[in-house]
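Presented as structure tokens, the chain that follows is alone, the form predicted on its own.
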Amino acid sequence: MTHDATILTHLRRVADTGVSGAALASILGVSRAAVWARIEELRRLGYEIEASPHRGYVLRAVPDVLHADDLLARLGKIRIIGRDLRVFHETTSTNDVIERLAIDGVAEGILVFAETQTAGRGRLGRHWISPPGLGLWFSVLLRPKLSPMATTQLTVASAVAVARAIESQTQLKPQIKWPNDIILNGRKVCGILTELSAEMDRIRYVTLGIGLDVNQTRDDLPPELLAIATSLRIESGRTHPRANLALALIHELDEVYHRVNSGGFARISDDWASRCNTLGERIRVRSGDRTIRGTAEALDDEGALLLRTEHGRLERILGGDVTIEK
């Protein structure tokens, strides 16, 4: 644990009681001057730390920032996802960062956040708008023991994890639109982008990218997106601490990833089906130059969508742009 993480952990533990500089210096094995320097750096990041001659240091308020050391200190026990965590002030795309780490041979589970992205991307080459400090823009490196054809399981499982985290932190009731959109009141609040590097029968690595609109107001959204996009703040009427939401997301993602790797996709699929707004609906799927219409019936064992076409044939859909037809 880093010095910053240790300091914040102890400040949270003692709450209003406070902890002295001497005690922190002893815990860290450094001088009181070094402790003071780290406290000043934390203050610069926005942590309100009061210094009292009688109680020592007291944590009064925390900023709405993503601080890697603090997140790791608060994360607790996880299996794989989040065991290494990095935060960038700005990057092109967190998926780009993960791809470079994957090529360098970094172990799976590393998670990269960015406070803003200059070239965030969604599915089908779309641009993902990532305003600074208002959402959660992050990617995870995975090396699952799955066949390339089963990669859709990861998208499905990730959608379930995001929906669970949103519900636990906000009490909102998100729905899932197959394959990768999280919906609140008919508008998109989160997108999931799964990028794959594989051989014929083996996955080298998967880059799982997630963009969640958290604290945007309607004024923060481009006019052309107002009819189709939303945020947790717009839907709930209040702001949400992004760090708390990030921690919930990491735990849920870690849990569903463990289940997928352990052969437990069926249980995740049942949860997905209970949240999905696509099943039972007449939909139109556009994949390249091909458009298929029919009724979405179920997921198969690998996470593909089973679509009953207008001609009664059952089609297995692995991806595409889905529109629900009214």
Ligand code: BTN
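Note that residue numbering begins at 1 and tracks the sequence as displayed. Please read these numbers as outputs of a predicted model, since none were measured by experiment.
There is also a form predicted in complex with this ligand; it is not shown, and the following applies to it.
Note that among 81 to 89, 180 to 188, 245 to 253, 166 to 174, the stretch whose heavy atoms approach this ligand to within 4.5 Å in the predicted complex is 180 to 188. Not displayed here, this ligand is kept clear of Ala157 by more than 4.5 Å at the level of heavy atoms in the predicted complex. In the predicted complex, this ligand sits within 4.5 Å of a heavy atom of Arg121. Residue contact with this ligand in the predicted complex: Val162 places no heavy atom within 4.5 Å of it. Interface membership of Trp128, defined by any non-hydrogen atom within 4.5 Å of this ligand in the predicted complex, is confirmed. Note on contacts: among Val206, Leu232, Leu111, Leu193, the single residue with a heavy atom within 4.5 Å of this ligand in the predicted complex is Leu193. Proximity to this ligand in the predicted complex holds for all of Gln117, Trp137 and Gly211, with the criterion being a heavy atom within 4.5 Å. Residues Ser93, Thr94, Asn95 are the members of 87 to 115 with a non-hydrogen atom no more than 4.5 angstroms from this ligand in the predicted complex.
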